[in-house]
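In the block that follows, a single chain appears as structure tokens, in the form predicted alone.
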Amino acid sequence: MNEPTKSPNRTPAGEALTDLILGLFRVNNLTLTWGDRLVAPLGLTSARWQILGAIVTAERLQPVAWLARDLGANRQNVQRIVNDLATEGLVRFEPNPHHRRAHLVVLTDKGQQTYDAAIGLYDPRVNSLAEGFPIEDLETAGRVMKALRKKFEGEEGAEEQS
């Protein structure tokens, strides 16, 4: 694989972060492909599974815009996928007492069963993938990714305000 061209204007930390970001792009693509294959027998894709997970883990019922925000995803893409999930009976919409048009997305029993089945496929596979990694390294990687996400989210907020 070709090394990225080093920039004379980039600091050593900027170079290291560039290497990390390029690695994240590759890992993200591989993770999505892995997830697609894992949940395909359930009629899911990684994107559908991710949205079901966001609904399951939300502290309260949310409209599509909030789900998209929490996922760091495009609202229109999330809306399209949620509509597909509704057509398949995995979610339904309920009136939102705080907003007339932004309905709340609710997991159906079928959606919960499908999500649980996905987790049943996922758990043994993720445990296998985790073998050989010191837990401290995994926790450090998680902290770095969360910090990087917060910086990106801060930049988005600053751009929206200007």
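The first residue of the sequence shown is number 1, and the count goes up from there. In this text, the rigid core denotes the largest set of C-alpha atoms whose superposition between the two forms falls within 1.5 Å. As the structure is a computational prediction, the values presented were derived from the model and not from experiment.
Just so it is clear, the following notes concern the form predicted in complex with another copy of the chain, a form of the same protein that is not shown.
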### Task
May I ask you to choose, among Ala102, Leu61, Val27, Ala117, the residue with a heavy atom within 4.5 Å of another copy of the chain in the predicted complex?
Val27
### Query
Does Ala40 reach another copy of the chain in the predicted complex if we count a contact as any heavy atom within 4.5 Å?
no
### Task
May I ask you to check whether Asp70 falls inside a 4.5 Å heavy atom distance of another copy of the chain in the predicted complex?
yes
### Task
Could you confirm whether Asp123 comes within 4.5 Å of another copy of the chain in the predicted complex, counting heavy atoms only?
yes
### Query
Is Asp137 one of the residues lying within 4.5 Å of another copy of the chain in the predicted complex, judged by heavy atom distances?
yes
### Query
Are there residues in 12 to 32 with a heavy atom within 4.5 Å of another copy of the chain in the predicted complex, and which are they, in order?
Pro12, Ala13, Gly14, Ala16, Leu17, Thr18, Leu20, Ile21, Gly23, Leu24, Phe25, Arg26, Val27, Asn28, Leu30, Thr31, Leu32
### Message
Superposed on the rigid core, does the Cα of Leu138 end up 2 angstroms or more away between the shown form and the other one?
### Response
no
